[in-house]
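The form predicted on its own is given below as one chain in structure tokens.
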Amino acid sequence: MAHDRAVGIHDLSFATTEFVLAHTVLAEHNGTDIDKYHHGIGQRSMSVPAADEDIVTMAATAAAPIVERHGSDGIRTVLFATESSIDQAKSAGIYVHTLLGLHSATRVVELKQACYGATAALQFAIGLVRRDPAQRVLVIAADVSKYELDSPGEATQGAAAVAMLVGADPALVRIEEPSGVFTADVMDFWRPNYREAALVDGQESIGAYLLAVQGSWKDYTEQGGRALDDFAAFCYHQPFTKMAYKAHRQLLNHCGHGVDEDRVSRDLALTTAYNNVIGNSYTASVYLALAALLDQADDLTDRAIGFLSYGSGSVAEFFAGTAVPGYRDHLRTKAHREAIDRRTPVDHARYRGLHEFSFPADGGDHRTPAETTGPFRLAALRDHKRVYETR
């Protein structure tokens, strides 16, 4: 179905945590060969949240520069994608709405489907803009990836938020139709309400991801999508960066291309630069891959970018976007590098303390230590209510 006006990502900004744990520190504690982390899973460090930061503070920090640049007029919808929800009823986006000073004439909702949620939000946002091209939609993906200490998943932890402004005549990336979609009921990764840390079956998850790559690509081609050779690069969900490589090899094989490692590297190398130092950011991960690609590539003007969004359980979507002429004038490369470089390294003992921090559930007055230096912080939990403050 052809549309007159392009719709897509008009602006993109991300934020991560106050602290960072290097994989060398984790390897030393575990007695693990560092190669297992650096080359085996393709990770170098992981973002670790302070006691006074969470998905809301990261989300507000990611979105604030967008509101500063474009104003809030026209933003009538905020879609918040997360699987680290802080409340079973109230959307985390409502706290962000307040912290950003958005207009009361706004709809705000939270979306969940493991790491896929932000792609659902992006597609729903495009639908809203198609209906009324004067509107813009603020899409936020924010997550804290947390596994049990000393578990196999521990080395893949991370945390970040990506905010995207979706609108007509976008300045960064036009999102194209069609989309290829795929769902299968798999127990590869899940987190029951009574658990803080997710449960994961690593091998099952890799298999489920690869199956979803094939399934979503098959649907994409059946819907009349682009040929594989049209794409200049591919942004995959990266639970760890080496997973993108596994997935892309699977796609090339599935399409009868055979695996040419030079091609795999050319298609993916630039997309892993942020994920490999931030760790798994769940819903934000595939859009961190896009940020890394746009911030580093020479010039992708009018080139097609493939997106493969995967969420355990499982739902996947394959779609294409095209970099818009002049997109490089609107990037936030310097700010993105600063978000990564400003993190304070922690030793293993400090990391464990932060990992094990949690609020008592008694409804008392529990203030959080002021550890962060960003614009927003989680100040306290009082009467079962989260209290945020702006610096």
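The first residue of the shown sequence is 1; numbering continues from there. Since the structure is predicted, the reported quantities are computational estimates derived from the model, not experimental observations.
Just so it is clear, the following notes concern the form predicted together with ligand COA, a form of the same protein that is not shown.
Only one of Lys246, Arg130, Lys218, His257 gets a heavy atom within 4.5 Å of ligand COA in the model of the complex. Which one?
Filtering the options by heavy-atom distance leaves Lys246.
Listed residue that, although ligand COA is not shown, lies within 4.5 Å of it in the model of the complex (heavy atoms), from Pro152, Gly101, Gly71, Pro192
Selected residue: Pro152.
Three residues, Thr61, Asp87 and Phe376; all within 4.5 Å of ligand COA in the model of the complex via heavy atoms?
Heavy-atom distance to ligand COA in the model of the complex: none of the three under 4.5 Å.
Pick from 28-36, 321-329, 353-361, 48-56: which stretch has a heavy atom within 4.5 Å of ligand COA in the model of the complex?
Of the options, only 28-36 has residues within 4.5 Å of the partner.
Does Gly40 reach ligand COA in the model of the complex, with heavy atoms at most 4.5 Å apart?
Within the cut-off, so yes.
Interface membership of Gly202, ligand COA in the model of the complex, 4.5 Å heavy atom rule:
Contact check for Gly202: yes, within 4.5 Å of ligand COA in the model of the complex.
Contact test in the model of the complex: Thr271 vs ligand COA, heavy atoms, 4.5 Å
Contact check for Thr271: no, nothing within 4.5 Å of ligand COA in the model of the complex.
Taking any heavy atom pair closer than or equal to 4.5 Å as contact, tell me whether Phe182 reaches ligand COA in the model of the complex.
No - in the model of the complex, heavy atoms of Phe182 and ligand COA never come within 4.5 Å of each other.
Relative to ligand COA in the model of the complex, which residues of 158-173 have a heavy atom no more than 4.5 Å away?
Nothing in this stretch is in contact.
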